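Starting off, we have a lone chain in the form predicted on its own, written out as structure tokens.
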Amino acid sequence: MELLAESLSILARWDVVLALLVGSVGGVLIGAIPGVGPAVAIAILLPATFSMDPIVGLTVLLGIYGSSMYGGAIPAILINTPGTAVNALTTYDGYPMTARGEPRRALSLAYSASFFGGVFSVICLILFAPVLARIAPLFGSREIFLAALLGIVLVVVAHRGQTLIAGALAGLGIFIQTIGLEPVKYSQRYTFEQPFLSGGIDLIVVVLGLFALSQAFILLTSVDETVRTTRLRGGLFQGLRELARHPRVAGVSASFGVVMGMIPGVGEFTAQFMSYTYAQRSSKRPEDFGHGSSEGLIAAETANNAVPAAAMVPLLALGIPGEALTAMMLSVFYVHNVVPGPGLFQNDMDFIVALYLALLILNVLVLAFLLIATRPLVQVVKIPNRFLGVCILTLSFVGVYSLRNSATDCLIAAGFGIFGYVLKRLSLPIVPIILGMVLGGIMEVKLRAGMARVREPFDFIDRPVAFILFCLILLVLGLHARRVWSEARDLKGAEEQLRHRPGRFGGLMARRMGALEKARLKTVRARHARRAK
């Protein structure tokens, strides 16, 4: 009770309350505007949060992160355009409901499912906190190095169909992190005697360039479309009653979100598709999925809103971000000399509990705001793309310049913005670069500290946790190699059968066999294309 009282006293501060309101309302607005998304908003806001107290800055960023998914459901349901990338699955069943005249019901279901997923994950984290506090001290330098290495491996293999390019981009991120002063002997690395490279390339400059500036370039070069919104009728509370009729789908989907959120590099997309697939297979009406199924909408929205709180687990317990948004939040800790990891759970448990309670309150505030303000909020989707692009461009350069009052940083950010624009146009991933920069720095420091106690190679994994992590890395690599080999064999077999199909019988039978083999080859290629996405 004493711990809870201390945590509540932190949340009762006026600046924390203001951060809760700004984060919840701002996140919904940003999520409702297609083309912006939480990554862009957090990248722009990062420089401003450095002057805030850690709990205030993190509350704002977490509010943007979590509540943007609530807002992203609005355009996904009303105009068939997801506000954020993770709301893409919401369009499958949300928009068909709107098309048949049930937009209020769809929005109400999405809000209720999102609220359930968010609250469920926070409660799970509060219950797991004592367990994490006991496990975290078992992680020393070697264990944290192996955990960071496992994070990079998971991020790379998670990009199915783009594994090699994801690995190369993660390597590029690790290389960028090495530029500047070396952390032990302070010797120059890859600076080419250029003064502006001596201090290294700032993570925030890269983040703003790759996420915010590249998105601004895309918005400025895209064409504005006329958006027609649907008139809303009916009540917004019916979704809570309908959600209560599907407790199994909601519970399983939220559990998928919590588990997938805690695994680095997996995140919302995997959680959503696993939940959606489970809901469809276990449903009494699987034919309704994709045509306005309430179970499909519940599965998608519950899973993606259960992820943000769970994604904080590896960040808080080990200091290892699982994806780009938590990597940005890690910089807030570093600026204030607060080191996430085992020590945080031992020494600042009131801070951890306050953060969890802030997430709980954020979900309540967001639901209340949406129930009141959905009608005027719908108009946000009509903001022109080019106006948004100019706003993002201006705010990004202001943010970069305010870091060190350096015009050189603005040029570096612009360079990364162009690079990010090219990557996005080619549909290549950006996240491995950021995680490579963050995890590469952690790996270097921990490897040097760990090697001081190692005399033989096997000494590095002679402790239980280190050995388990090492086995997990081998297991992930082995499973990935097996999957790649299986898919390549499947595709090659289908192509071989098509190439050598028997033709001596001629006539109807040969044409029928050829058609079947072509259909099989088309199915295999379509499956590979879907996995690549």
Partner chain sequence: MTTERERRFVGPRRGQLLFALGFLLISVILLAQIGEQTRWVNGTQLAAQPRFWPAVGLIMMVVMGGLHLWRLPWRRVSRDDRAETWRWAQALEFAGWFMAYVLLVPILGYLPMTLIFVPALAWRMGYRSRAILAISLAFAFAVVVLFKSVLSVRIPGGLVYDYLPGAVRSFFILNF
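Computed from a predicted structure; not experimentally measured. Positions refer to the first chain, counted from 1.
The same protein has a further form, the form predicted in complex with its partner chain, not shown here; the description that follows concerns it.
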### Message
With the distance limit set at 4.5 angstroms and only heavy atoms considered, check whether F128, L150 and R281 all reach its partner chain in the model of the complex.
### Response
no
### Summary
With the partner omitted here, the residue among G167, G200, G292, G341 that in the model of the complex has a heavy atom within 4.5 Å of its partner chain is G167
### Query
Which residue among I123, L371, L138, V422 has a heavy atom within 4.5 angstroms of its partner chain in the model of the complex?
V422
### Query
Where does its partner chain sit in the model of the complex: which of 64 to 72, 26 to 34, 462 to 470, 40 to 48, heavy atoms within 4.5 Å?
40 to 48
### Contact test in the model of the complex: Q188 vs its partner chain, heavy atoms, 4.5 Å
yes
### Query
Does any heavy atom of S396 come within 4.5 Å of a heavy atom of its partner chain in the model of the complex?
yes
### Query
Given that the partner is absent here, does E444 sit within 4.5 Å of its partner chain in the model of the complex, heavy atoms only?
yes
### Query
Though only this chain appears here, would R448 touch its partner chain in the model of the complex if you measure heavy atom gaps against 4.5 Å?
yes
#### Entry: Neighbours of its partner chain in the model of the complex among 405 to 434 [non-hydrogen atom within 4.5 angstroms]
N405, A407, C410, L411, A414, I418, F419, Y421, V422, L423, R425, L426, S427, L428
